[in-house]
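Only one chain is shown below, in structure tokens, and it's the form predicted alone.
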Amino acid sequence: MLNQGKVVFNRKLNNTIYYLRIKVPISFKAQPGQFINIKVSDDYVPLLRRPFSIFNHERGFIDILYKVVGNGTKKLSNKKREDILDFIGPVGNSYVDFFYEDEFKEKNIYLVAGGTGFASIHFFARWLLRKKIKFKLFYGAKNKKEIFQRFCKNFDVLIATDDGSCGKKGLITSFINGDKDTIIFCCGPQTMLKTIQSIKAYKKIASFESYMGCANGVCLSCVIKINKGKEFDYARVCKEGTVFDLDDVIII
């Protein structure tokens, strides 16, 4: 669905990370795990929209936490208060589609966020908090500059950085001890997701960060492999995802 919103603020949190709030119609509704595809420029450079996980959504606004990595996100970082943004969304399925309260009520719920995957997981954590469902958040990044503890104040959280500059030192997956009573919801680099595939758990659900050029399933830039027993198939992250049962995905 094509939408428009007005920039409320576009704050620089550090050298590369920005926090964007967009005012949207009251009728706009989104679920954790969904994303929007923003037109970042009024010209044809870049040609395609840029996808961003929804960091938070309340009645009348959506928040995006994003990293400046190229020309598209650089142009987005220059947007000012009152600027109008065109975007497609919300797009995709949700963690909520995989959350079965009756089945999970006796399980340990772990949320695992790696790097920019924190944006998607943060929205789900707030959803769980509102429903008074207990969970533990595992939040990892390269260094202290990429960790945003201010957004974790109400969470039971374990933080780890590659260089030890914040929290424990090491990969966040090193601190997860799963078992048959553990449900893992995760978002982050595919190397992290591949490691989580080997962790014992009742269920493992993942949101995939892929380059989604059109958000309509047409350009096929976001396909991943899905296990079909002796064979495999392809799924489009923007249409069949972004959230998948992690055990069904083939990560090379």
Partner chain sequence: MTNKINIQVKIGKLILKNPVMTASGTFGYGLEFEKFFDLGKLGAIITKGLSLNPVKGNPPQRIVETPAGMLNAIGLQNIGIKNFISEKLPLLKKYKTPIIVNVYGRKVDEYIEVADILNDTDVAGIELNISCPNVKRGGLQFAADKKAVEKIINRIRKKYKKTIIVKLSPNTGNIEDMAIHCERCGADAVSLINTIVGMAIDIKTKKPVLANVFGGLSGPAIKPIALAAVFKVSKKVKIPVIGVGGIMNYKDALEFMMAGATAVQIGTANFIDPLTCVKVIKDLQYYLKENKIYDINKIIGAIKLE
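As the structure is a computational prediction, the values presented were derived from the model and not from experiment. Residue numbers count along the first chain shown, from 1.
Keep in mind the form predicted together with its partner chain is missing from the figure; the text below concerns it.
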Legend entry - 4.5 Å heavy atom contact, H57 to its partner chain in the predicted bound form: no
Inset, instruction - Could you confirm whether R50 comes within 4.5 Å of its partner chain in the predicted bound form, counting heavy atoms only? - result: yes
Legend entry - Contact test in the predicted bound form: A30 vs its partner chain, heavy atoms, 4.5 Å: no
Legend entry - its partner chain contact at M212 in the predicted bound form, heavy atom, 4.5 Å: yes
Inset, instruction - From the candidate stretches 22 to 30, 40 to 48, 180 to 188, 196 to 204, select the single one in contact with its partner chain in the predicted bound form, where contact means a heavy atom within 4.5 Å. - result: 40 to 48
Inset, instruction - Sequence order please: the residues of 161 to 187 with a heavy atom within 4.5 Å of its partner chain in the predicted bound form. - result: none
